[in-house]
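First, one chain by itself: the form predicted alone, in C-alpha cells.
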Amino acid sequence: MSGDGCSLLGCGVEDEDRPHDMSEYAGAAARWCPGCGDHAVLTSVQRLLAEERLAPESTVFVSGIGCSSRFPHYLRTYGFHGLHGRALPVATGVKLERPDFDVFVVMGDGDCCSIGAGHWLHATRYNMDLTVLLLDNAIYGLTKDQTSPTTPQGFATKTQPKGSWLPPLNPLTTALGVTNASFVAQTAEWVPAHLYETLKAAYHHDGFSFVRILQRCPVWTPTIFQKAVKDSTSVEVLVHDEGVPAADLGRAFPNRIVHDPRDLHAARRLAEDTSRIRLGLLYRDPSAPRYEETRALPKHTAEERMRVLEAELDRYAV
C-alpha cells in the first residue's frame, strides 16, 4: 500500500499528474554482472517512467525467472517476480482487474520462447494493453550456460558443448505469425537512443507491444553480437514517419531502409532475412481488437476487493 492510499486493489484518492525524477523509480541495487545489457535496459525504462510521469503506485512490472526477470526488484513500483514462463498470465490478470494501471512484462529468451511459448502466442492474440520486453541474450544465463531457443546454431554451451544442433527460433517471425499481432519491434541494448525511442513507441501503443531487445551477456555470450557492435554496416535501421524515430543515428548507422510498419507481409520478409540485424518497428496495427474490451468485469470498491482477497486467502489458512 502506498502512502497516499493507493494499492493494486484500488485508490483512495486521485493521483495528480506530478513530475517524477528517475531516482524515484530506483529500487534495490542491480546485481547483474558488470557489462550486462540488462543495465542499459533498466536505465532506459527508468527514463521512460520519469518522462512519461508514470506514478509508481499505478505501475506494475511482472517477470518470470532468469537474469532479466529480477527487473521488478530494481524498480520502486509494484512488481511480481513469478514462475518460469508464467509472466504473461499474471500480467493478463493484473490488467483485467486494473485496466487503469500501466503494466510492463519483462522476460528472457528461455523464459518467453521455451517454457512460456504457449502463453506468449495466446497473449499476442489477446492483444491486451501490455508493454512486453523480451531481453534476448541467446542463452540461459542464470542457470549457467545452457542452450536456449535463440542460441545460434553451432554455438557451444555446457548442455551442447559441440554446438547447438538446431537453427535458432526467430522471435520476430514467430510474433508476426500470430493472429491479431499488433506491435512488433526490435532494438539493441548497445544503441541506447534507439532503445529508448522503441520503448516509448511501445508504451504509447494501445495493445500488446512486443519488443525484442538484443543484448550481450558478458559471461556466456559476449561474442554473439560482437560484429554488430564493432561494424555498424552490419546493422540496418528501419525508418518511417510512423516508425521509431532514428534521426540521431544517421552517422553511426548509415544503412537504412524505408519500411511502412502497416505492411505485415513486408515485415515478415524483413524478419525472415537474418543476413543483417534490423532495428526498428516492423509492424503496428492500432485497429486490432483488444481482449479487455470484450470483458465486462464487475466494479468493486477497494474495501470490497480487500474483503474478497482476504476471504480467498483464508481458505488456505492452517
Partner chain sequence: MDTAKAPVGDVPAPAATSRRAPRVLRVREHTVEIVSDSGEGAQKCGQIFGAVSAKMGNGVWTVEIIPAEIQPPARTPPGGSGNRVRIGVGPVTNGGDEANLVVAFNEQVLLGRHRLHAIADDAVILLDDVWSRHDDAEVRRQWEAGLLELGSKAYRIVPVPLEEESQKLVENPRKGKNMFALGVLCWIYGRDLDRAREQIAHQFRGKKDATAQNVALLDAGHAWADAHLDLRVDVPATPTDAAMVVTNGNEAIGMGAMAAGMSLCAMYPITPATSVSHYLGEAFDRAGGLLHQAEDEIAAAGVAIGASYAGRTAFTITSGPGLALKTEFLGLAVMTETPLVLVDVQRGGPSTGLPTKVEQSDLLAAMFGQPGDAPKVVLAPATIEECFHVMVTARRIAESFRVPVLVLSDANLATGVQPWPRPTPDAAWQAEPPELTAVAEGTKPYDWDGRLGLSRRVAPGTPGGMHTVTGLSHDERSKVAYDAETHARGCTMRSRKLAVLQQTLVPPTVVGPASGDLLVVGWGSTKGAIEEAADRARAEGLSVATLHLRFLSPLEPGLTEVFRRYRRVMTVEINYSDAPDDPFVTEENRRRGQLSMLLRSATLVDVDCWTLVRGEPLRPGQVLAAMRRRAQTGGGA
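Just so it is clear, the model here is predicted, and its values are computed rather than measured. Positions refer to the first chain, counted from 1.
Keep in mind the form predicted together with its partner chain is missing from the figure; the text below concerns it.
Contact annotation: Gly82 falls within 4.5 Å of its partner chain in the predicted bound form, judged by heavy atom distances. Its partner chain in the predicted bound form is not approached by Pro152, whose heavy atoms all lie more than 4.5 angstroms from it. Residue contact check for Asp248: none of its heavy atoms lie within 4.5 Å of its partner chain in the predicted bound form. Although the partner is absent here, Tyr203 lies well away from its partner chain in the predicted bound form, with no heavy atom inside 4.5 Å. Heavy atoms within 4.5 Å of its partner chain in the predicted bound form map, among the stretches 104-112, 171-179, 89-97, 194-202, onto 89-97 alone.
Taking its partner chain as it sits in the predicted bound form, the stretch 55-76 comes within 4.5 angstroms of it through a non-hydrogen atom at Pro56, Glu57, Val60, Arg70, Pro72, His73, Arg76.
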